[in-house]
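Heads up, the chain below is alone and in the form predicted on its own; it's given as structure tokens.
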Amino acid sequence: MTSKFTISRRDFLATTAAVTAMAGVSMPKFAFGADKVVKIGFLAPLTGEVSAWGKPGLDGCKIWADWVNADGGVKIGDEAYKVEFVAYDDEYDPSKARTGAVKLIKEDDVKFVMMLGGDPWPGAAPIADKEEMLFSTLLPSDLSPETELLVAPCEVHPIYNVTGVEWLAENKPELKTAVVCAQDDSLGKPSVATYLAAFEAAGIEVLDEPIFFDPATTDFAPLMSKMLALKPDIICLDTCYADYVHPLVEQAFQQGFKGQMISCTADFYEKLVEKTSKEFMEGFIFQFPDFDDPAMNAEHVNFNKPNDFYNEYVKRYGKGEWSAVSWEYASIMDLWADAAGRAGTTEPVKVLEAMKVGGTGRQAFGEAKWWGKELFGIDNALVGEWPVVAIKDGKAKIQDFKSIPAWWDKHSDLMIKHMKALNQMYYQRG
């Protein structure tokens, strides 16, 4: 985290129990204006099949706010502000996202809105433009030259998926063929294009066309049977939702697959281990670490006290509830708080200018650059290194941090080719 609060976990645990009293009697670093509050909008799916990428993020933000507020709040100009999150469940629906954006901005007076992005973003986009409000997305594929106030400062989906394939090719060169499936939507298609480019760059043959299944699918046995009939070395589950990854993995296990699996996420993977076995899940590749991983303490990692954050998350919400997004919105808040502090204002355009000054930023996994013009038409994605994670003996372990820009410098033509083929370039999207 870029916010340099210094409270230790022991201090935090002690003070959290008496946080109300603390505002009045403790000795904060700077004068705490108890009535000074800055509200942040959280507009994401909190219910429904995509809620696994919304609700855990809000839970992580609550920890972030408690820590920051207990340490005196965010200093903006000469004032210190408590941070309060105002959530609205968009149910991954564009019309509800539009309603939520209006409410958060007009009624709740938020100064920044964080979204998952994807299908709901077109509903909120006109409001962001009209109200000149700064929004964030976890999906850079939402970016276009028309979205100047939309940034992707943390997750760089789906571009980071190239790092998993690159690592696999370097460490398991005997794997030569793959099959790919994804739900047919705005999350699945650009991710398929990315995996196709990554497999081609790695010299891995993709057998047959990728399978795009209806998001209403509930029986995944026929789909898995179709993929296994091609006898692939690798099954790629693309960016399937957790509700699809789990039954697909179970089907692969039940139908006797013995090869390599790779996926963008493996949310709640402990449950997958329980449903299959440690042996079956051994070596499963995905892109999101547990933050108790010792590798998260590397000097280049910017997320503050990742091990403590993970432990607090598990303490509050339970073991096995950690997901890909548990830390991401909190990481975005680090960038926002740092930029607002340097700008001396919460005014969205000024905060964005401060966020992008110098063309670089402190992304969670290291120094990164504002990037994306060739792919998204605008340099509003913060891109740098990303971890490759594998399940080892039933536990997620970081295998390496690999550079997305370095891959792009060598293979950008492949990415653009496959994005064009699936109509996913910014000028092709409707």
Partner chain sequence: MTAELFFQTVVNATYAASYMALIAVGFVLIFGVMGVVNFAHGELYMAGAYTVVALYADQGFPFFLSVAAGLAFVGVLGLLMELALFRPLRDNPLGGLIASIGFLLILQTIAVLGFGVRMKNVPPSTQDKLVFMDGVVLTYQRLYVIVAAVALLSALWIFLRKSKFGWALRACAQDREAAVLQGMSINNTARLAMFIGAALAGVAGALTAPLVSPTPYMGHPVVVSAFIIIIVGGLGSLEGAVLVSILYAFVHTFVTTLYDGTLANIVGLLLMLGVLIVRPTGLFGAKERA
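Numbering follows the first chain given and starts at 1. Note that the structure is a prediction, hence the values are computed from the model and not measured.
Form predicted in complex with its partner chain: not shown, discussed below.
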Report task. Give a yes or no for Lys231: in the predicted bound form, does one of its heavy atoms lie within 4.5 Å of a heavy atom belonging to its partner chain? Result -> yes
Report task. Consider Ala242 of the chain shown here, and say whether it contacts its partner chain in the predicted bound form, taking contact as heavy atoms within 4.5 Å. Result -> yes
Query raised in the report: Hey, in the predicted bound form, is Asp293 touching its partner chain, heavy atoms inside 4.5 Å?
Result: no
Query - Any non-hydrogen atom of Lys75 within 4.5 angstroms of its partner chain in the predicted bound form - result: no
**Report entry** Contact check for Glu205, Leu237 and Trp408 against its partner chain in the predicted bound form, heavy atom at 4.5 Å
**Finding:** no
Report summary line: If we test each of Thr99, Thr276, Asn304, Gln260 for a heavy atom within 4.5 Å of its partner chain in the predicted bound form, the one that passes is Thr276
Requested in this report: Select from the listed residues Thr346, Gln251, Ser186, Thr147 the one whose heavy atoms reach within 4.5 Å of its partner chain in the predicted bound form.
Outcome: Gln251
Query - Residue stretch of 46-54, 382-390, 395-403, 63-71 approaching its partner chain in the predicted bound form, non-hydrogen atom distance within 4.5 Å - result: 46-54
Requested in this report: Between 185-211 and its partner chain in the predicted bound form, list the residues on our side with a heavy atom within 4.5 Å.
Outcome: none
